[in-house]
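The chain below stands alone, shown as structure tokens; this is the form predicted on its own.
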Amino acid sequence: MPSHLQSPCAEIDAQLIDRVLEITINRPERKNALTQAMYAAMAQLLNVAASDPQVRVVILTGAGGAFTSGNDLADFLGGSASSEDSPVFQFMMALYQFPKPVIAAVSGVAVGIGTTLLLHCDLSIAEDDAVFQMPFVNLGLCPEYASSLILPRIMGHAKAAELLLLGNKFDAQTAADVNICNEVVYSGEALERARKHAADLATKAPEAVRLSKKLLRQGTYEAGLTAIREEAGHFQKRLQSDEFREAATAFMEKRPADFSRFE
């Protein structure tokens, strides 16, 4: 494994096999909840891999039967986690701008950014017992990672409003039906299927693959960048809000959030 492709964070694993860089979120005791250090490590790996000819495809996955339960709320209570110089934003941009194919292998929970990052992968494989959720409003937050732009475009306004405003959980077949993921496989098979697709892509003409990915996004790329930045500005303010602090405190105290005093 080349030293420049080794993860700087113990909770993010990386391995390069046959031109496929596999990045694994490895914090199973917290269902792979993401901290700023973990975001920084993933951003670094993607930025290095973007220009490394040894890497033709990236796989994103999670260890211990979970993809990711989203952001570690305790880590985000400081309120600065989504500013444009933050590790979260740097990861978002690294994945959004990544010029090579990215495949997600989803098992267990995919919460918050665990769902929205799939909108920026080229292929997403979900196991049939995976559970998705975008509970931003439930946490006193707002949509992020261009989800307010992309979700209505791929599934229609009504379904996007349902998933973002209600913030309820939904299953893998629903995720496939609304174009969040490409296919649903049996439990335990997502990574194997992702590796099969990655191996296939790694044998194809690399410049042709990169150009095809670029052309697929040419009509929406700039709009996506604008949406990511606009949402991040609102998200940053929400992290400093009393509504978010109530929601985060309630979550950690394992009680329902009480928004009755807010106007």
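All residue numbers refer to positions in the sequence shown, first residue = 1. Since we're looking at a predicted model, the values are computed, not measured.
Separately, the form predicted in complex with a small molecule exists; it is not shown, and the next lines address it.
Heavy atoms, 4.5 Å, the small molecule in the predicted complex: which of 202 to 210, 219 to 227, 53 to 61, 26 to 34 makes the cut? Say which one.
Heavy atoms within 4.5 Å of the small molecule in the predicted complex occur in 26 to 34.
Indicate whether the candidate residues H120, L149 and C181 are all in contact with the small molecule in the predicted complex, with contact defined as any heavy atom within 4.5 Å.
Not a single listed residue reaches the small molecule in the predicted complex, so no.
For V111, is any heavy atom within 4.5 Å of the small molecule in the predicted complex, or not?
Looking in the predicted complex, residue contacts with the small molecule include V111, since a heavy atom lies within 4.5 Å.
Can you check whether P99 is within 4.5 Å of the small molecule in the predicted complex, heavy atom basis?
So P99 does not count as contacting the small molecule.
Looking in the predicted complex, any heavy atom of K169 within 4.5 Å of the small molecule?
The answer is yes: K169 has a heavy atom within 4.5 Å of the small molecule.
Should L139 be classed as touching the small molecule in the predicted complex when contacts are defined as heavy atoms within 4.5 Å?
L139 belongs to the contact set for the small molecule.
Which residue, L73, A176, L165, M155, has a heavy atom that falls within 4.5 Å of the small molecule in the predicted complex?
Exactly one residue meets the criterion: L73.
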